[in-house]
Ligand code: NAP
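In structure tokens, the next block holds one chain alone, the form predicted alone.
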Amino acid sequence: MTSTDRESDVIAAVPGRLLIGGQWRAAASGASFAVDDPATATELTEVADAGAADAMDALTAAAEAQSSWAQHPPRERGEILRRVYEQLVARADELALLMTLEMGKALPESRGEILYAAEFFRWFSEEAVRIHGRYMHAPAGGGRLLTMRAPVGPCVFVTPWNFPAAMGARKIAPAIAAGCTMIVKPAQQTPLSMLALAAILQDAGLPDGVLNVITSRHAGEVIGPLLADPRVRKLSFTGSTEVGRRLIEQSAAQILRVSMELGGNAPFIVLEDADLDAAVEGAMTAKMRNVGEACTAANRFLVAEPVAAAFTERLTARMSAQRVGRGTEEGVQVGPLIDRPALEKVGELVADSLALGATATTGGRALPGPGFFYEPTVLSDVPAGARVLSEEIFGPVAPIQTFATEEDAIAAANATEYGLVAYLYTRDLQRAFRVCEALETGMIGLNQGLVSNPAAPFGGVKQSGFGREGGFEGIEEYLESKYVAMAL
């Protein structure tokens, strides 16, 4: 079988329809939309384009399934999740190819994401049977206090294009474990991975109506009516802060439980006592994971003046050696950006920095099409007013600034409305904890360039959102506390 035939088979295996109440069906209007390959700017396939009527059908299915699913034995919920984990691991190569075709990242990265997504299903398969209540004597005597945990109820999930399997997995898995039903709206650029995941959940024995998937080009048309319906009890969104604000406003009318994983502007701090080789290695992970198209991507490199030249030289050498190309090709490390607007945005940010006096030590330009490729780029001497320091880059560009003191580094790191993640490199343990405590972020990578872990609480502060996904905290987002006062 040729590589082209294999790609065709992988795409053909995905149900390009809506999943509502356990049935795969076309949109009520009959409409569909194209899913494109960002490496070639050509169409891969078409999927159903849901409208408001489809969204309400999905909600009806979720609402009707909620009561029985909430009473489903926790052990059986966990076993369904475990089977999904096993299927994702077994089919990792096939699912990675599908992800690379629709999203663009290199195959090894796509495979890594599939295995990362699988770990959420394994983690929450183990948490499903560990939902605890409480029984205690009333402090004043004369009675007992009972605390029960109950599923929140039907949820709406809106997932992004940059991690099309993992971002869905870390919402779906805890919701299933807690006993919630859900409607998932994946990003229009990358719906295929979610549809493939939904089919795996069906095969694993998930009852009809627990998971419903609606693909659509018109997010507002399908999400707005859902958030206005009193049957919905929770919204979880991963995406930009701008869109998150609008969804929070819409959710207020029904007083929904809300989880928001929003934008970031991650500082990567290299103190003068850092191990520079380790810092550069961590920088490549923090910056170039997912071609820089990640909310956790290092957005600003803050480097102590005594080591700035050496760090810049080493990072430049590593970045310039990255191989750019279609993610399906052997040896490719950097795939395309998701679409033309993304490519143009990265170009604008680099041009702004260069016009203000920054220097490109490598890269600095878009590559010839037909896909949406940008050279891995390092910018040195970036002035304080450059847009690249305040806006999410979402591309393979590393802007470097220097600082004189530890206090200067902390002030610069915190000088943003975002607070998702920061990275810190130092060999001084006391200094490490001092700086970690001073950083205004929900997560910190201390001497490592990767923070994501299904066993840890993922989330930010300030305008990077609220709520946590993963870890022991992840299932709490889908549970309500019910208190019973009992007289004796």
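Computed from a predicted model, the values in this text were never measured in an experiment. The numbering used is simple: start at 1 and walk along the sequence shown.
The form predicted together with the named molecule exists for this protein as well; it is not shown, and the discussion that follows is about that form.
Taking Ser353, Thr159, Thr100, Asn299 one by one, only a single residue has any non-hydrogen atom within 4.5 Å of the named molecule in the predicted complex, and it is Thr159.
With the partner omitted here, the residue from Tyr85, Phe372, Phe311, Phe394 that has a non-hydrogen atom within 4.5 angstroms of the named molecule in the predicted complex is Phe394. In the predicted complex, the named molecule sits within 4.5 Å of a heavy atom of Phe237. Among residues of the shown chain, Cys295 is one whose heavy atoms approach the named molecule to within 4.5 Å in the predicted complex.
When contacts are judged by a 4.5 Å heavy atom cut-off, Leu420 counts as touching the named molecule in the predicted complex. Heavy atoms of Pro207 never reach within 4.5 Å of the named molecule in the predicted complex, leaving it off the interface. The stretch among 105-113, 220-228, 376-384, 118-126 whose residues place heavy atoms within 4.5 Å of the named molecule in the predicted complex is 220-228. Relative to the named molecule in the predicted complex, residues Met167, Arg170 and Gly263 are all within 4.5 Å by at least one heavy atom. Along 171-192, a non-hydrogen atom within 4.5 Å of the named molecule in the predicted complex is carried by Lys185, Pro186, Ala187, Gln188, Gln189, in order along the sequence.
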